[in-house]
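As a starting point, one isolated chain is supplied in structure tokens, in the form predicted alone.
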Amino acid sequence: MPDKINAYLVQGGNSLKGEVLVSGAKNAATKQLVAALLSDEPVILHNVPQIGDVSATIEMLEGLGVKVTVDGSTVTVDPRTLNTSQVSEALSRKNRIPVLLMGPLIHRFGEASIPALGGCKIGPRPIDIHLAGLEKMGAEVSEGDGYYKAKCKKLKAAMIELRFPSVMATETLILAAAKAKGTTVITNAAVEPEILDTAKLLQSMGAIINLETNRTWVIQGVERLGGAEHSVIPDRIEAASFGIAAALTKGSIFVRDARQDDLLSFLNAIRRVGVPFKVEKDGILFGHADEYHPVVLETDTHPGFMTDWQQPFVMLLTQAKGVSIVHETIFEDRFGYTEALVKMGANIQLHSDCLGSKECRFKHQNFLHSCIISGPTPLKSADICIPDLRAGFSYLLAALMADGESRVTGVELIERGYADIIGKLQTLGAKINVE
């Protein structure tokens, strides 16, 4: 492959068959690289995916003076060389990880400075929940000249209730609480599997952390955290994406290391649509059916239907017989990618009303956060540009289903979150070239 890939040339019409190994979870690995900064000894992470977001996070840590060693899917982080509390603007615009650094940097230096954040364009995604929690823990937070700054001689425990169970806000506050003075309680918090995995790493490092009932994290701060060795959980987003790929291309894919525990709501949803699957000891076998059924579905925080499953699932519903509705309740602007699917022949309409079974926080705010899909509709090839990471796999699915060759640009976005995506698809029988 060339050093820089400008586009994927995808020939549609081939069934995907075979076996694929799920990589480590992006949403766990990137956070755990940051969590390692709380230690005063090296931390070793296994099953780290070789993707753009991991590379960007490593570059950011190295910009802080941290020694990071990469050996395939094993990454060793030595935080003892950390030498600055200011995150470089040049190294922090690629994702939203910098906000997680606030706690570890405050613990080390008594202050932290991070630039405004980057990441996918799927809505404003403000960090006020993060900053409000840090303020409750005693940090003095200010904003100016494109930077967020926080100062605190010693973070202290607090009772923090999140107004929404934000994943990254929960993670930010857990990292801050791990070495704070006293016991911090975070209620209405996120409880995603990736957060639980990071909690396991922190516990291995010496943290006292527990998930209690009703979305409540209880963290008893400790004076020091030490080294640890940890294996990142498999990526449930990638696992679901390949499951839908099997269904849409009339194929059969064994997704090795796909974990039923992490995919319960996804598996229930595709079973309602009619996608056959078989849970096995070391993975899940996904197949296809002659006809798929329409459904009404809402995204939600875990254990609900994950917002990052929404894009490939909408792609699946374009081939269901009848009218389906998807109500996005996590991000207010996540259906922009459907414009290209309509261009390829999908019948999709967007609405600002809450079209699910419940009203959500975007009601009466004029966000196009509900989607009506009518199917089945054949797709035709087109030139399409990927707008964000998770939409990227949906575009590949559309191209793999379409009649003819599609040219897919914006490929650097999908490579941020999927390890060797083209190689894996080619192994399954996809006809994809790069330019």
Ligand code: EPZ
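Note that the structure is predicted; figures quoted are calculated from it, not measured. One rule holds for the numbers: they count along the sequence shown, beginning at 1.
Keep in mind the form predicted in complex with the named molecule is missing from the figure; the text below concerns it.
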Practice task
Could you check which residue among Arg163, Arg80, Arg272, Lys181 gets a heavy atom within 4.5 Å of the named molecule in the model of the complex?
Solution key: Arg163
Completion exercise
If we test each of Ser370, Asn27, Ser394, Ser406 for a heavy atom within 4.5 Å of the named molecule in the model of the complex, the one that passes is Asn27
Practice task
Using the partner position in the model of the complex, report whether Lys149 sits within 4.5 Å of the named molecule, counting heavy atoms only.
Solution key: no
Practice task
Determine whether any heavy atom of His230 comes within 4.5 Å of a heavy atom of the named molecule in the model of the complex, and answer yes or no.
Solution key: no
Practice task
Report whether the minimum heavy atom distance between Val295 and the named molecule in the model of the complex is within 4.5 Å.
Solution key: no
Problem - Proximity of His327 to the named molecule in the model of the complex, heavy atoms at 4.5 Å - result: no
Exercise for the section: Could you tell me if all three of Phe254, His288 and Met401 have a heavy atom no more than 4.5 Å from the named molecule in the model of the complex? Expected result: no
Exercise for the section: Work out which of the listed stretches, 262-270, 348-356, 151-159, 167-175, brings a heavy atom within 4.5 angstroms of the named molecule in the model of the complex. Expected result: 167-175
Problem - Stretch 322-356: residues contacting the named molecule in the model of the complex, 4.5 Å heavy atom cut-off - result: Ile330, Phe331, Glu332, Arg334
